[in-house]
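Single chain ahead, by itself, as structure tokens, in the form predicted on its own.
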């Protein structure tokens, strides 16, 4: 190549031939590299045909798959005990692809009413535009769930731990109702993670995640995931490829990094959240605390039955006295505990559902769901719990 122009030498050095040499070597990186390549090259047409036909290993185009996303999917399957997984550019992309792969115009969905606000908005306002109707029903009443199912119902949808009321769903029994009517049962396990609950083992057909939250755990990536058996993943993969909402290679690398410590983090998140919930429950400036690990919670027996090692995750909500004024004052008076419209980082944060995640709810729907203007959602981090409690105590004194 030395006899070629510098422009040509710079364009071709250190790529195809070196990549082949690295791939054929006897040593491999201890940590999988970040494959920042949109496309992959071939020596000839038969090699390309063989990859498309599944007769040879290889990659074509990163909108379809990438070594980094393959790695992330392998780690997710190991955590969840799933046959297959797909990783997406966001949690909403994962959820929407899981839905649209299983419904068409004229179909019907039964859903619990207390959901992440973006999903509620999609169900309430977007799906009806395409001829898909959604009925919201209290999943604590299994008879009501069954009564809501119609001949054209294709999906039953809920969250393991609801956002923001921390209700625990009886997944095994809801699954029985769904399957008795030939429906697929889809569960959002974002608040729990497989370190707290494994919905596929409890009867779910498809599990969805915002990997932005606990699976990522560091507030530095946006992503989503779908896990299921091979048949369901194959059906969703068609939409995944067509709509192009694949996770980027750098985000996939970050997700792999984060998943290595998921179990350790969730153990600490759960332990800290219980201590903070117990503190808030006794505080005179707090009207009510929502956390399934509390002895006073009606969901504790179900959580003890379904969840791993008594963990209930790091999320809790609380109704602060004086409504919006009280909630706003607490937010303002906290120092290291930041006010953010998200959750599940390593440090403790506060969110205001009525003003952020659940803005899509009408005032009537919000009231019916039990989401008040004084309700704050706390994402309890992995700090020393006594320091979290001390800061909240000082802030609550100003309310």
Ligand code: PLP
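Quick caveat, the model's predicted, so the values are computed rather than measured. Numbering follows the first chain given and starts at 1.
What follows is about the form predicted in complex with the ligand, which we do not show.
Location of the ligand contact in the model of the complex, chosen stretch of 184-192, 245-253, 296-304, 229-237 [non-hydrogen atom, 4.5 Å]: Going by heavy atoms within 4.5 Å, the stretch is 184-192.
Looking at the ligand in the model of the complex, do all three of 215, 218 and 381 come within 4.5 Å of it through at least one heavy atom? Judged in the model of the complex, none of 215, 218 and 381 sits within 4.5 Å of the ligand.
Could you spot which one of 95, 207, 312, 166 gets a heavy atom to within 4.5 Å of the ligand in the model of the complex? The residue from 95, 207, 312, 166 that makes the contact is 95.
In the model of the complex, does residue 343 come within 4.5 Å of the ligand, counting heavy atoms only? Residue 343: yes, in contact with the ligand in the model of the complex.
Residue 173 near the ligand in the model of the complex, any heavy atom under 4.5 Å? No, residue 173 sits far enough from the ligand in the model of the complex that none of its heavy atoms falls within 4.5 Å.
is_contact(residue 292, the ligand) in the model of the complex, heavy atom dist at most 4.5 Å: Taking the distances in the model of the complex, the answer for residue 292 is no, it never comes within 4.5 Å of the ligand.
At the 4.5 Å heavy atom threshold, is residue 91 in contact with the ligand in the model of the complex? Yes, contact at 4.5 Å.
Residues within 4.5 Å of the ligand in the model of the complex, restricted to 145-160 and counted by heavy atom: Read in sequence order, the lone residue that approaches the ligand (within 4.5 Å, in the model of the complex) is 159.
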